[in-house]
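Read the single chain below, which is given as structure tokens and is the form predicted alone.
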């Protein structure tokens, strides 16, 4: 028990530069509190005390702003940074050394029974506000950009951004120009706005060209100067 607590605290200290001490991590990090309580409620849930487990998990939700279902399976070294608004569904499986930022949802689509939530493999990073839905797998070492909506499997060592999520880095090779750092991942909203602005610019250029052509066609024709008759030559 204490060894696991030490590993959880070490995960906070390693991945959050704002963590000043182990005591600060233990007392003031809601993500760590939510994880510790989930480990207890998971044991209750698996032993058949589902009502009590759910009741405690709801109390923890009100205390921390983080909702983790007691049925979820969580590995070692999970770090939930800030954590407000994080939702982790019942059949979610999270591997070791995973990092989750605030506002992340690991949910189901509402259509399946049984395994209906994601599997997050080791060393995955899930950015702010990202949503991962359904019985899909995020491969080991992959990164999910902030605000992404992922509904398909992601291979290992990939970076996914956008709505719907698309792979932009695979096994270290860039499919698109993007930095691997979480804070430098492209904003899908900004990218969409740039695309819209580009289309507007093209339309404006085309309209200006059409207006010039219409103005030229509507201009009155300049009458030709009358020809002066040439006098007959004298013999």
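Numbering follows the first chain given and starts at 1. Remember, it's a predicted structure, so these values are computed and weren't measured experimentally.
Keep in mind that the form predicted in complex with a small molecule is missing from the display, and what follows is about it.
Participant: Which one, 105, 102, 97, 91, lies within 4.5 Å of the small molecule in the predicted complex by heavy atoms?
Facilitator: Checking each option against the small molecule in the predicted complex, the one that comes within 4.5 Å is 102.
Participant: Note which of 60, 169, 32, 53 lies within 4.5 Å of the small molecule in the predicted complex, where distance is taken over heavy atoms; exactly one does.
Facilitator: Answer to the contact question: 169.
Participant: Is there a non-hydrogen atom of residue 77 within 4.5 angstroms of a non-hydrogen atom of the small molecule in the predicted complex?
Facilitator: No.
Participant: So in the predicted complex, is the small molecule close enough to residue 115 to count as touching (4.5 Å, heavy atoms)?
Facilitator: Residue 115: no, not in contact with the small molecule in the predicted complex.
Participant: At the 4.5 Å heavy atom threshold, is residue 140 in contact with the small molecule in the predicted complex?
Facilitator: It does not: once the small molecule is placed as it appears in the predicted complex, residue 140 has no heavy atom within 4.5 Å of it.
Participant: Find out whether any non-hydrogen atom of residue 165 is located within 4.5 angstroms of the small molecule in the predicted complex, and reply yes or no.
Facilitator: No, residue 165 sits far enough from the small molecule in the predicted complex that none of its heavy atoms falls within 4.5 Å.
Participant: Counting heavy atoms only and using a 4.5 Å cut-off, do 82, 145 and 159 all touch the small molecule in the predicted complex?
Facilitator: All of them do, each having a heavy atom within 4.5 Å of the partner.
Participant: Which one of these stretches, 115-123, 131-139, 68-76, 145-153, sits within 4.5 Å of the small molecule in the predicted complex when only heavy atoms are counted?
Facilitator: Flagged stretch: 145-153.
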